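In the structure tokens that follow, the same protein chain appears in two forms, which are kept apart as structure 1 and structure 2.
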Structure 1
């Protein structure tokens, strides 16, 4: 009996191979900059990091030495303020979307959150400037915190919602069936079941705003000296990297690389932690 399958025509064979080759090539081209950036960052950054960098404040132009200790502390302070504003609001909004979520209002909130996520960070910076800096008449870490907090809300709200929706309804019913009031059932049973996912969302939002520079330029503003008062202009790692990178001094370029390395290590650590936690299949076990 003759075989039913005809050999592929050469044209079809060639386009198929070409297509597979091209998409593999695309992957290589996308991964290349990542390798290049990380490689160069490590190469330049490790050479410039020393104890002084982590413990000293910037020296004036022309003097060598000095560091970014004030910027590291400032970043921690601004990010802390941002999280204080953004995390409760985001989680609260996410719970509402998931637990009481029906009707037009919820769709509107969901949609607005997604659109807000795409609003350029510099525009959020302008809003924080006109809301906080103009009435106060001075730049402050607080204003920077407001800007970053606003940027965290939509991400946290949407991931919290998603994670809560993965919690099976039987768990909610079991809690309510015991006679527990709704607020305790939601907080202590539903939210707790989804807590790993919710934390993941918060970490992702945190990692995203940790490197933001644009909204801090005219809210936290930067500062060459020590400052731990949230009501004063405050240095931040990304701003410091930016102003050193565009400066003409070699010494400052080195410091910019060191700062960048520290920033990226913090962010990659956060993202990898998230990845490890989520890839353990927590949600699958619960379901």
Structure 2
């Protein structure tokens, strides 16, 4: 039986190859800055990373050695607090916008989230300073977590909303048809169906705030010593990197590069770990 499809014309073949090539080039251009930044950080910072850098606190000015162990622990603590504040609020706001909200209030919440997503981080830091630091009369990791949590909320809320809106209505109707209350159907059926997209939004928000310095200068403030008390000033990698980078000492410049490399590695490791765990959970559910 003769084929009914006609062979592609030379012009269509050329156009197809050209667009495939442009798509591949665009992908390379997107990855090139990331590879260049990571490669340069690796070149400048790997020489200063050793056991002392990962386990010791900073040395006084003029003394060589020391490390950023306190800043690494402080960053983990502040980011953890920020996630505790920002993730539930962001997901809750996204659920409201997609599932329960109606009328002008939804438009107002959505507009507020979009505006907050574009507010400079230093403004968020000043707001957290006014709301938390001034009433407490001291800097703290708690205040830093509040600032980072505020910055995480709009990204998570809008991503959660879009992911939930992509879930087919037939899934909601099937759950409601079984007599499941709407709130339970939303949490156990709709949200679970969109969980991969929601988690991706949380990771994007986490990666965005992980390297912020300005909000932490107004809230956590920094600390040259060990501290695991969230109610006290706390060191963080972005603050330590900033302080070392503007100093006149070559030794501190080297450690600033090393700290920047560690920060990037921590972000990549955290995002990768969450994606691996969620992918395993998805495969287990499918099995």
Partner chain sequence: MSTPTESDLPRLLRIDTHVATAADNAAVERAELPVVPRIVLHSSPISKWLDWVFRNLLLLCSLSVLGVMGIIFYELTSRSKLSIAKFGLHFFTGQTWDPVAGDFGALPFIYGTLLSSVVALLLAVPLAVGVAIFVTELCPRMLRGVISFTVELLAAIPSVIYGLWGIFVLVPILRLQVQPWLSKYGAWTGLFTGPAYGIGMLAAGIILAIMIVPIIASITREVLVAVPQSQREAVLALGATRWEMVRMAVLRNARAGIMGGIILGLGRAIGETMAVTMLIGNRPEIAKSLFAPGYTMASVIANEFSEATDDLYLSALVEIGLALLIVTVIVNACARLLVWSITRGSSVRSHA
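Rigid core (definition): largest C-alpha set, two forms, superposition within 1.5 Å. Residue numbers count along the first chain shown, from 1. What you are looking at is a predicted structure, and each value in this text was computed from that prediction instead of being measured.
K.L.:
Please state whether structure 1 or structure 2 is the form predicted on its own.
P.N.:
The form predicted on its own is shown as structure 2.
K.L.:
How large is the turn of the smaller rigid part against the larger between the two structures? Whole degrees is fine.
P.N.:
About the hinge, the smaller body moves through 25 degrees.
K.L.:
After superposing on the rigid core, what is the C-alpha displacement of residue 29 between the two structures, in Å?
P.N.:
Here the C-alpha difference is 9.0 Å.
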